[in-house]
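First, one chain by itself in structure tokens, the form predicted on its own.
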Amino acid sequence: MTDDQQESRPPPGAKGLPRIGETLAFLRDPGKFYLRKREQYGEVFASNVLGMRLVSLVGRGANRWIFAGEDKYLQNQWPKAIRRLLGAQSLSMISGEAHRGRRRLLAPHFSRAGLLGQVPAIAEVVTAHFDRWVQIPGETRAVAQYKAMAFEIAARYLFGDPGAVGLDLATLSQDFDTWVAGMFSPIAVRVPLTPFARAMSARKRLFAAFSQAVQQAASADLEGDDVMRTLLRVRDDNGQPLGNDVVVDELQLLMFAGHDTTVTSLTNLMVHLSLHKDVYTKVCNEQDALAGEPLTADTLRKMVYTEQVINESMRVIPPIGGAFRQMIRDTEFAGFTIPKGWSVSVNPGISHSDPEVWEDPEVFDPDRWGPDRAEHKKAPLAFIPFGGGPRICLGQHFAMFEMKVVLALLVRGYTWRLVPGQDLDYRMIPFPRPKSGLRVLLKQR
């Protein structure tokens, strides 16, 4: 049935309050918000959140429809605050042939093969951070420790030696946290002293610092496998380099995309291993068997069970709650016509808990990823922690390398326990993490 064969029937749903719609209820608890709306309206419903008329779609069929529709009937979309804070020329903000061309340029440098040499550098940073972490007396908050660790890993991956191009990591880290904190502001208006206003000021400082680093690198020897020099070396189909401002926008995007999602995944891995001692023991046994080998890409490939645990942790708690697309023409889905200008959501959490795909989806079970079961292979697009389709996360392989290195070094060298009595309920926005920041006592193994 085509759009012109039936009268337009948009998905049902409320509009909420003027200007803010239902944003406050959504931000308080996205999971409960979704379940309440689903009970009220059914599998497909509309709401008014984050400045968007948003249609919620779930399931593999919905994922396939969304990912296949890129530049045909929908395009990538970010909430207004993120659009203003991310670089306008970065990969996430462009579409159509511009997006496809940019991705062709960048993809080889983010492939598994292109990242093989990064493992020792990641291990060096992780080892230094764990050495400092274990010296802290008493309890610490894992989220804060992983933030510092992931930020330095990302900075070294992007810039090589940050200090050599005039970057001060301590200052950058503060501005980065301020910048990210404003990205999920309900109203993207630059009112003084608000998180969004502070984020815009931090973005300006970050852009200036990154621009200086890019200019310094561009005027010197471009040898090196860091992302900045790689971006400065690439040439488009016409033999033209990327402009320095484009390189800066891409660096800011990659810093954002590769930091907080990794911090979230590492924190939640620590929670799951703490709650499932049998799984922790199996990871330790695998890592003890590999401990005599240098930590290289070849060693990472042997970490079969470790990877199963990482995948299962991201299935149970996806590192991002969702993503958005905007309709560029009226199109039908599941008997409803979704109008041009409306938005649709991708919901990994619902896909990852589909009982038609996952056996006992509420159970944390890394064995479901083993060769005997491999549930994910039986249902494409049921597992989407990095998205899917033409906009699947460019840094997914780096993220998996990073998480394997961190988890391997953690269980090989240290033990930890959760501080009793802390609040392990989750705050879902902007990233799903324990409200307590995950208070732990870390010691050498």
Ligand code: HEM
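The first residue of the sequence shown is number 1, and the count goes up from there. Here the structure is a predicted model, which means the values were calculated and not measured.
There is another form of the same protein, the form predicted together with the ligand; it is not shown, and what comes next is about it.
Just to confirm, with a 4.5 Å cut-off on non-hydrogen atoms, which of L418, A62, A399, L409 contacts the ligand in the predicted complex? That would be A399.
So the ligand isn't shown here. In the predicted complex, which residue out of G51, G31, G42, P390 has a non-hydrogen atom within 4.5 Å of it? Partner contact (heavy atom, 4.5 Å) among the options: P390.
Find out whether any non-hydrogen atom of P385 is located within 4.5 angstroms of the ligand in the predicted complex, and reply yes or no. The answer is yes: P385 has a heavy atom within 4.5 Å of the ligand.
Contact flag, G395 vs the ligand in the predicted complex, heavy atom cut 4.5 Å: G395: yes, in contact with the ligand in the predicted complex.
The ligand contact at Y305 in the predicted complex, heavy atom, 4.5 Å: No, Y305 sits far enough from the ligand in the predicted complex that none of its heavy atoms falls within 4.5 Å.
Does any part of F364 reach within 4.5 Å of the ligand in the predicted complex? Heavy atoms only, please. F364 lies outside the contact set for the ligand.
Choose one stretch from 165-173, 334-342, 103-111, 296-304: the one whose residues place a heavy atom within 4.5 angstroms of the ligand in the predicted complex. Checking each option against the 4.5 Å cut-off leaves 103-111.
Identify whether the ligand in the predicted complex is within 4.5 Å of every residue in the set Q118, V283 and Q287, based on non-hydrogen atoms. Answer is no for this spot.
Between 89-116 and the ligand in the predicted complex, list the residues on our side with a heavy atom within 4.5 Å. If the 4.5 Å heavy-atom criterion is applied to the ligand in the predicted complex, 89-116 yields L91, S92, H99, R103, F110.
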